[in-house]
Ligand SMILES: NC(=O)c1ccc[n+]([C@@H]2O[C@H](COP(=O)([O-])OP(=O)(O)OC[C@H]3O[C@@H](n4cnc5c(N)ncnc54)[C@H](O)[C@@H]3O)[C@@H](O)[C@H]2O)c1
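Encoded as structure tokens, the following chain is the form predicted on its own, with no partner shown.
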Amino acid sequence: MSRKANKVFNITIIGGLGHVGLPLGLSFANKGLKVCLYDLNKEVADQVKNAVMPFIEYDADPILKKVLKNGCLQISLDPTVISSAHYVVIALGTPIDKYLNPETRLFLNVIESFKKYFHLDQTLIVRSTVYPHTCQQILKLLGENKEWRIAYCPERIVQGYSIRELVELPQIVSGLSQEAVEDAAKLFSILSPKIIKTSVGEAELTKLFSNAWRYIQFSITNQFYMIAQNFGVDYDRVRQAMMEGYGRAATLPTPGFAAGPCLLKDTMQLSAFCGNEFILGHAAMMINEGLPNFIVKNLSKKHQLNKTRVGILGMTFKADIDDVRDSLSFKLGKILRFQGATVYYSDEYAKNSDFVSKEELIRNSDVVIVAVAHSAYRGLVIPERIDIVDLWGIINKTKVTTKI
């Protein structure tokens, strides 16, 4: 469609109530832009309209109240609002199927369903991670013989800290035309301290490489942890000895579950793009996804699991947030239950009727596994009778007996 849109908003964000779209919308609205968040989730939409964040996003609550009150932020379930903005930000991810292949067609089908709301005088900005060449496929879908402005500006934030990082991190900006690049750069310059202009291919690989790099880093330290455990050595002490005063080892992360909706998915997208020849990516997946099995195998050497009560502290996919998507804590619990163990779950942020408090979990468990490094667990004192599996090295190692 080529007629001019009646501009009511500066920005409409498709998928505007998710972990990518909502913080971005709040940040732009906080700068005085007119922002509309379009989404299909009525329950979450009602929640946000009532100035309640649907998930943990630090620093977001006061901004949400402010921009709702001053009218800079609106929420809509009506797709026609897409036509009413100069910028349309597409904050929809590309899922992977059960065979770990990217489901690009699902993403493109959604774009096609909105095609009638797009206009040539708009700039369309793809925000989420996409499979390489997706932007070119969007252009083909909309019509290559028309002058569509399509930009790709990937998000680079850590979940839960978007509000802070959007104004701190450089923003990568790319597009299928110079006009798209310049218009997108103009928008993100409102937030970001620095704009890095690249080609679309460079931007696509920058995003995928970044997440694959992090995923591989976690797999290295997890592999080291397994080797140390099998050797009967405390890996936390080894790691500290490696890092102390030795800058070349300073970036070695702590071991722990590497999960969530991005790291594995993006590593597998990159692998698919390479014709499944991304050997390091596949090795990282086997190590990271195999860590729960390793923990259970080691516990089975010391305990008769069908007579053991095991507590899992932390059910989210990372520390100090409430998102349980793709959390390996649930995989760990499933393996333990398959071995006959009685399993207790607890989390400081995620809510579930099956979860118990950390105090109740510790009181009833023979083994406690610290699966997530929530700040509330740091320095936690565990009774001496309990066997502790602390991947992160945050529990009081003296295990002084205390009444809980």
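Only a predicted model underlies this, so the values are computations on that prediction, with no experimental measurement involved. One-based numbering along the sequence shown.
Omitted from view is the form predicted together with the named molecule, to which the following refers.
Engineer: Scan Ser83, Thr134, Ser329, Gln159 and let me know which has any heavy atom within 4.5 Å of the named molecule in the predicted complex.
Structural biologist: If I apply the 4.5 Å criterion carefully, the residue I get is Gln159.
Engineer: Pick from Asp366, Glu348, Asp61, Asp39: which has a non-hydrogen atom within 4.5 Å of the named molecule in the predicted complex?
Structural biologist: The residue in contact is Asp39.
Engineer: Does Ala319 reach the named molecule in the predicted complex, with heavy atoms at most 4.5 Å apart?
Structural biologist: Because no heavy atom of Ala319 falls inside 4.5 Å of the named molecule in the predicted complex, the answer is no.
Engineer: Is Glu155 near the named molecule? Define near as a heavy atom within 4.5 Å, in the predicted complex.
Structural biologist: Glu155: yes, in contact with the named molecule in the predicted complex.
Engineer: So in the predicted complex, does Ala91 come within 4.5 Å of the named molecule, heavy atom to heavy atom?
Structural biologist: Result yes; Ala91 sits at the interface with the named molecule in the predicted complex.
Engineer: Examine Arg149 and determine whether its closest non-hydrogen atom to the named molecule in the predicted complex is within 4.5 angstroms.
Structural biologist: Looking in the predicted complex, residue contacts with the named molecule do not include Arg149, since no heavy atom lies within 4.5 Å.
Engineer: If we take heavy atoms and a 4.5 Å cut-off, which stretch out of 173-181, 278-286, 108-116, 139-147 is in contact with the named molecule in the predicted complex?
Structural biologist: Among the listed stretches, the partner-contacting one is 108-116.
Engineer: Within 4.5 Å of the named molecule in the predicted complex, which residues of 185-222 have a heavy atom? Give them in sequence order, or say none.
Structural biologist: Going through 185-222 in order - heavy atoms within 4.5 Å of the named molecule in the predicted complex - there is one hit, Lys207.
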